[in-house]
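The form predicted on its own is given below as one chain in structure tokens.
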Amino acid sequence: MTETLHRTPLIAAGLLMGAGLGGFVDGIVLHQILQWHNMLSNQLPPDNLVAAKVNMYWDGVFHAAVWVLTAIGLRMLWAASRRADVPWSGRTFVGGLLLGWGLFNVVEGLIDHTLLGLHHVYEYTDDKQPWDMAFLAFGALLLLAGWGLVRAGRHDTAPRAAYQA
């Protein structure tokens, strides 16, 4: 009897963890290290202490949300690792991570940058659109790379015994 294998739990865990980790990269690199923008910096420029504190608060809410995504994804990865019907594939999992990060960039870029105008990738320039388009293009590249790895991971189908504690 051939066991049916299910890759979806591993991909789903990667998607959530990738979206969360992609959000951390955005928040840590673009918000904190480079200080290119904050969550509300197009609506409320952080040019005084009160505005800076409001932006910092919403950056914190954003970080809390991506932490929750990452934690849920980690829990899903743990559950997937205990199932014998889930083939353990690095390509599939990393593909899921890249899909999640790319999805984060595309959704965040379309909603926060374009539709709501909460902030732009680089607030301190007159022409913000090239930076926003580059962010979306990077997200699209991540989606393509992730899809390619997930497809390549289809070949990693050897069944394995579930971890027994």
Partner chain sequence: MMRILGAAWLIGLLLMGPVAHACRVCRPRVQAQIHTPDYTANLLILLLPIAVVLLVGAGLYFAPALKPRPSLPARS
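Positions refer to the first chain, counted from 1. Since the structure is predicted, the reported quantities are computational estimates derived from the model, not experimental observations.
We do not show the form predicted in complex with its partner chain, though everything after this point is about it.
Although the partner is absent here, R83 is a contact residue: one of its heavy atoms lies within 4.5 angstroms of its partner chain in the model of the complex. Contact annotation: L74 falls outside 4.5 Å of its partner chain in the model of the complex, judged by heavy atom distances. A residue is said to contact a partner when one of its heavy atoms sits within 4.5 Å of a partner heavy atom; G153 fails this definition for its partner chain in the model of the complex, lying far away.
Although the partner is absent here, A134 lies well away from its partner chain in the model of the complex, with no heavy atom inside 4.5 Å. Of the residues in 89-105, those that come within 4.5 Å of its partner chain in the model of the complex through at least one heavy atom are, in sequence order, L103, F104.
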